[in-house]
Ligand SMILES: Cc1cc2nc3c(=O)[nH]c(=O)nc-3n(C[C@H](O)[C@H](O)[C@H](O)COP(=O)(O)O)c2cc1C
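Here we start with a single chain on its own, the form predicted alone, put down as structure tokens.
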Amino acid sequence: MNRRGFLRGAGALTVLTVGGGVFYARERGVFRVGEGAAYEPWQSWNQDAAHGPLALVRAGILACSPHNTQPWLFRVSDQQIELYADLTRTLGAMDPYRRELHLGLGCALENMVLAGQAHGYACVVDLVPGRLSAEVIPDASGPVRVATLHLQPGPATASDLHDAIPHRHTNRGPYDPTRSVGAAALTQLRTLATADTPGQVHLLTTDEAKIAFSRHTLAATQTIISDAAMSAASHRWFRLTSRASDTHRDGVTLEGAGLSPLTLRLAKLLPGLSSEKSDAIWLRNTREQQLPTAAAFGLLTVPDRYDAQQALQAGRLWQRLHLRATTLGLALQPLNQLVEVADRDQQLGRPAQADQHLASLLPAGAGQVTFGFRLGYPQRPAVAVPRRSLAQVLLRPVPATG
């Protein structure tokens, strides 16, 4: 924020603290950060009362998802948990193939597997095969099963990744540009792929690679905000007031936008932002804060980004990677603009320029990029964002022991 903008905002704050302004500020949630029922799942996720298979679901709803859309529903019994895609929670033109939706579902699956191990279940994961398509799905309002988690008795084996679940938050704020990530930490992140979470983690740490990623990502951001359908689809999930967060319990909040405490309070006092203003802020933050302060960038690749099972597996890998980073004191933030533009290019039949840029960042034969991110040591801690309650994501029946 420049000096003129600060003074203008400070003047607004002064005016609003008299003549009823304090009440207005309270209504706008100026003095609230991470409070209320929408944040309760972060506290209750592993309480003793959450025994049986429902404990796994409580962990699942704290997973990453694109724009915090939380596109999951669960059908639970004593023997299994079925994971469903809620197709009313898609990102439209931002995710025409529902690739990112499947990544989010894979994230929930990974959290449930980790929680299952901690609660004495040997989990067997069954993924539904299929191709991701930009075609309109008939009866899109109905849930679609994407995976089943079969629950068998096993030893209770908690892990530091499981313990990190309530502490993992996306950090969109500035990172420390003077602090590099050590080789040992980078190795831990690079080697997280398993038989259940195949794919590759590529970390871009050289100045040349970081400059190229930044240049292409900034251009992709501009492409997105110049695309009216993509801009509108993204803006739909912005929750700019505490009331909106309390009502919807999802989406991108001001608290989660990486703003400084003062800027956050001022932003909450302002009228709702148009999509044009939101896009301008996003572009500026990407250019001035997120790209230049990253210690490194990362890309996740799979053989075929439009294979449904591989998308779910990539989501599991991203969740595991983010949890590991949390244990190492690192901050992570998705930067998926290049892959989102690549999806849009394919949907509209445009030249695959974004895919060419992605390929230029990796060695030959590395596979197809399905996820991009930045990492570093945060200057400010990230905060929790709203989560839907257990009751809101369950499809009946529920287990007798839950």
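Nothing here was measured: the structure is a model prediction, and the numbers come from that model. Counting begins at 1, following the sequence as shown.
The form predicted together with the ligand exists for this protein as well; it is not shown, and the discussion that follows is about that form.
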| query | finding |
| --- | --- |
| L186, R190 and L361 each touching the ligand in the model of the complex (heavy atom, 4.5 Å) | no |
| Contact assignment for the ligand in the model of the complex, among A354, L54, A38, L335, heavy atom within 4.5 Å | L335 |
| Position in contact with the ligand when the complex is considered in the model of the complex, options L114, C107, L321, L83, heavy atoms within 4.5 Å | C107 |
| Partner proximity in the model of the complex: Q368 to the ligand, non-hydrogen atom cutoff 4.5 Å | no |
| is_contact(G60, the ligand) in the model of the complex, heavy atom dist at most 4.5 Å | no |
| The ligand contact at V393 in the model of the complex, heavy atom, 4.5 Å | no |
| Close approach of Y377 to the ligand in the model of the complex, 4.5 Å, heavy atom | no |
| Residue stretch of 176-184, 293-301, 123-131, 327-335 approaching the ligand in the model of the complex, non-hydrogen atom distance within 4.5 Å | 327-335 |
| Interface residues of 154-190 toward the ligand, as seen in the model of the complex [heavy atoms, 4.5 Å] | R168, H169, T170, R172 |
